[in-house]
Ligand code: MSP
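Form predicted alone, single chain, as structure tokens, below.
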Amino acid sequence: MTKRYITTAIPYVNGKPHIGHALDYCLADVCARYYRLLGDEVRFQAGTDEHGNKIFQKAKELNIPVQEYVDENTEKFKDFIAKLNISYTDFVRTTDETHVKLCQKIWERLREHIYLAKYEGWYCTGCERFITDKEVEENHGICPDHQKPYEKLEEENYYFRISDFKEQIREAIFSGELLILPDFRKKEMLRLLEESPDVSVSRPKSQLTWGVPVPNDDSQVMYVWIDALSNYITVLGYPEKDISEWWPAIAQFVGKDILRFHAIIWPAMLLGLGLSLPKVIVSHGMILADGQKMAKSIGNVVDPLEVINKYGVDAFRYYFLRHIDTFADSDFTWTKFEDAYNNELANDLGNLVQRLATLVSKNQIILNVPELSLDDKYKALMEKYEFARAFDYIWEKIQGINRKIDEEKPWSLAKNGETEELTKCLNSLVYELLSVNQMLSPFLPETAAKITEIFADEVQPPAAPLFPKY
């Protein structure tokens, strides 16, 4: 049995869960469920990033203690993950005492690569990072993601010497030792690596109080990177425990907006600790609304809970795992979603299950289905993290079974009393459906479980449609 470790980026808890978080969780969940389907043992991390000025200021605005604020918001994320039916095994909070203690030990292990220096330059509160003069010039002094001017700062901080590891990171990315998906992001990361300065890893307590204290320096608090990025290994118990059983991660799932931190700062930290780099970093695109970036100011934000509450979790997972490209920016509109729901989920899959179960039950067919095995093309796509393409391949199979029913006309075999041919025909169709259902299970686990139950020992057609039409 192979052990696999899969991670998701921990969201910042200064707002409610959004559709980008959902995509991160769903992609990682498909990966975890797929490897379990192969018989592997999987650890699957999720968590929340709970330190920093944005959180502190938001709690202050709401006039509630900051710990109470992060506790409330973390529960919202846990509820959200549960609604998405995400099969994580480990949950980490950056305010956990254990995480804080282990972060400080990681800092100590990285100390030879950390130095104190004065900084005078630009900072973005929204991004919680320092900005290079080149970026300020390119963006005309305004953050493109938060539409706010950069702030000019002068302060003394600790820096992590990225320059100590640039050549090793470059070689790892170039050789594929650290595989970055999609492939076109590799060149982008190599360019950013070339330009990457040493990174600030602390802030003065006069500027930031809500964070992990820097060891042996009461005047400084850890800045986001060592605190947040370390979660992937502190949740395994590093550095107090030997994590070689699980690390390196088989795949780390992140949005493209934070890929640079995971492809540059995170590998530098791992190399500084003497740990292996993750096998793959899977970077997904953004979800657009009718061709535009989602924004509250535009009023086009899609609430994932609205979709789930109306159509069910598997309908949500279906659209966002099949019709949203695994790697590229993709579009959501309610028209596209409802069309996919009614014409694909309800018609192609729901009607197929109803139709086939009714034929088997009505004709009292005894099923003798051979042992299932996973399709090689499906496995190849899944192991390249081409989840949307794998889902398309599954759907081609579903449509093929529907065509086969129409061509073989089992109802005519029943009418003509051709019992042997009818039994053979329906057993073959059920085998094909259950084979497809096995491939479908990482994507639509609830639906796959229902289909398995329907075609158990005594086949019973579903009392209600799997996907009632809207």
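Just so you know, these numbers come straight off a predicted model, no measurement behind them. Quick note: we count residues from 1 along the sequence shown, nothing fancier.
Below: the form predicted together with this ligand, not depicted.
*Asks:* Would F455 count as touching this ligand in the model of the complex under a 4.5 Å heavy atom rule?
*Replies:* The answer is no: F455 has no heavy atom within 4.5 Å of this ligand.
*Asks:* Taking heavy atoms and a 4.5 Å cut-off, does D290 contact this ligand in the model of the complex?
*Replies:* Because no heavy atom of D290 falls inside 4.5 Å of this ligand in the model of the complex, the answer is no.
*Asks:* Taking heavy atoms only, is I180 within 4.5 angstroms of this ligand in the model of the complex?
*Replies:* Looking in the model of the complex, residue contacts with this ligand do not include I180, since no heavy atom lies within 4.5 Å.
*Asks:* Can N231 be called a contact residue for this ligand in the model of the complex at 4.5 Å between heavy atoms?
*Replies:* N231 belongs to the contact set for this ligand.
*Asks:* Pick from I131, V302, M286, I398: which residue has any heavy atom within 4.5 angstroms of this ligand in the model of the complex?
*Replies:* Going through each option in turn, the one that passes is M286.
*Asks:* Just one of 231-239, 78-86, 147-155, 105-113 has residues with a heavy atom within 4.5 Å of this ligand in the model of the complex, so point it out.
*Replies:* Only one stretch passes the 4.5 Å heavy-atom test: 231-239.
*Asks:* Taking Y318, Y431 and A448 as a possible spot, do all three reach this ligand in the model of the complex with a heavy atom inside 4.5 Å?
*Replies:* Result no, not one residue of the spot touches this ligand.
*Asks:* With the partner left out here, which residues of 258-276 have a non-hydrogen atom within 4.5 Å of this ligand in the model of the complex?
*Replies:* The stretch touches the partner through I258, H262.
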